[in-house]
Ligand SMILES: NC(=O)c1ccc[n+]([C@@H]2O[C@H](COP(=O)([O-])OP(=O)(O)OC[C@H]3O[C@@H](n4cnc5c(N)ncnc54)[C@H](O)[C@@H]3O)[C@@H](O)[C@H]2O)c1
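For reference, the chain that follows is the form predicted alone, supplied as structure tokens.
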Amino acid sequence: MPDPNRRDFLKDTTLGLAGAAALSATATTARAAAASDRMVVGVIGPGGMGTAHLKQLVANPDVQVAYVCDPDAERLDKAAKLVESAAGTMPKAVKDLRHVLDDKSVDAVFVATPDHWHAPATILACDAGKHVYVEKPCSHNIREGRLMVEAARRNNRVVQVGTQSRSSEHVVRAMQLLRDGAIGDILAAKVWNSQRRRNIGHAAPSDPPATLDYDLWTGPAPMRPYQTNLLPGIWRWWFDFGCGDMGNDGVHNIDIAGWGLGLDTHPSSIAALGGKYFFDDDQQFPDTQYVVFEYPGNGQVGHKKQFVFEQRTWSPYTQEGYENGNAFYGTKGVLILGHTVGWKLFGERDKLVDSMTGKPDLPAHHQNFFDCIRSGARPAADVEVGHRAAALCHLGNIATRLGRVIHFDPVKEQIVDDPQAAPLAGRTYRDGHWAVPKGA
């Protein structure tokens, strides 16, 4: 990879004419070497958040965007033109991700597809020798998350999950304060996801747009008829393709909660209530949700931890000053955090002790990913970390869907003593599809 000291070789301005000519030749060679050493990437799913990634990547001189990939021809063309406009070269534009994975010159892929493609694409990419940056939630179900971890480890690949708060200075600082005991022993945490979503209405099956390869978009998920309130972006609210808003926006703060509580395992008990209280439309996930996770620790007083998630996707109001946020309750204080705004730390008797503002740092998260590819270190949002956060979303959604307490074996990663709930830790795939993860 490029030596950072290369950029400093032009500092010496005292060279004579002959020296300057030699330096010019050296500079040309260095630039050519630097270009060949750039990280070659493909962006799979360059719409929505994928476009945000693409804009960052084309502005990075150490990155070459060689591919854009999308089953929608209009999105694909728009993404290719974005790269050409910014970088001066046209990337290869393909609709099938297998073309990207087959190219041995590609070092890494960014997977910003709908949720149902996250795990299949990541596993296929790791097995093809690619490093992966995959959007959150990293999986569509619990079993897929474990298969992603296994794929990353057996191929020795770096897999970074798109929970960019893990690389954001203000959140990192807050977590360090919690680890240093700033609010004492933290026994409970709360996450809230409170914002106004839109009604997606009711729709009947219809023909997909001529620009969309709907069969390819559906991938290994069960085939169902296309309808107009399914795409784009609305897939999040359908069981076959998304994880609801708990897995969409909620997972950011859910991940931070697990980080602040110091969790390195799954909960053992999950209780939930909720449903559709506000929206009369085709959304399948709840718009109102209250989930409680319990971690028994060693069973002794002081070791148990409780984690609460609450969601209202019809409420245009903030809570504790933040639309979406975290509260960490310690024996000596409380820390209130909004990952897109900042945080405040209160000591005993509500005394404001410290505060900091900040926003999610996507460029830093990209850089952490590339740095880890070069060094071989684990990234800030390693796939194992992302798997634990996504599993909380899946468990919360399952418990809400069934309206009762479910019990989970954190080691076997299985729902126990519940024949109805247990299969929901995995999913049904399209029979014989090439992207079905092995072992699913």
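Throughout, we count residues from 1 along the sequence that is shown. Source: prediction; values computed, not measured.
We do not show the form predicted in complex with the ligand, though everything after this point is about it.
**Student:** With the partner left out here, check for me: in the predicted bound form, does some heavy atom of residue 315 sit within 4.5 Å of the ligand?
**Tutor:** No, residue 315 sits far enough from the ligand in the predicted bound form that none of its heavy atoms falls within 4.5 Å.
**Student:** Find out whether any non-hydrogen atom of residue 252 is located within 4.5 angstroms of the ligand in the predicted bound form, and reply yes or no.
**Tutor:** Residue-level check for residue 252: yes, a contact with the ligand.
**Student:** I'd like to check something about residue 135: if you look in the predicted bound form, is any of its heavy atoms closer than or equal to 4.5 Å to a heavy atom of the ligand?
**Tutor:** It does: once the ligand is placed as it appears in the predicted bound form, residue 135 has a heavy atom within 4.5 Å of it.
**Student:** How about residue 396 - does it come within 4.5 Å of the ligand in the predicted bound form, if we only consider non-hydrogen atoms?
**Tutor:** Because no heavy atom of residue 396 falls inside 4.5 Å of the ligand in the predicted bound form, the answer is no.
**Student:** So the ligand isn't shown here. In the predicted bound form, which residue out of 194, 288, 164, 283 has a non-hydrogen atom within 4.5 Å of it?
**Tutor:** So the residue touching the ligand in the predicted bound form, by this definition, is 164.
**Student:** Which one of 222, 233, 296, 321 is close to the ligand in the predicted bound form, taking close to mean a heavy atom within 4.5 Å?
**Tutor:** So the residue touching the ligand in the predicted bound form, by this definition, is 233.
**Student:** Would 173, 338 and 343 all count as contacting the ligand in the predicted bound form, using a 4.5 Å heavy atom cut-off?
**Tutor:** Zero of three within 4.5 Å in the predicted bound form.
**Student:** Which of 297-305, 210-218, 141-149, 275-283 has heavy atoms within 4.5 Å of the ligand in the predicted bound form?
**Tutor:** Looking at the partner contacts, the answer comes out as 210-218.
**Student:** In sequence order, which positions of 68-92 have a non-hydrogen atom within 4.5 Å of the ligand in the predicted bound form?
**Tutor:** Contacts from 68-92: 69, 70, 71, 72, 75.
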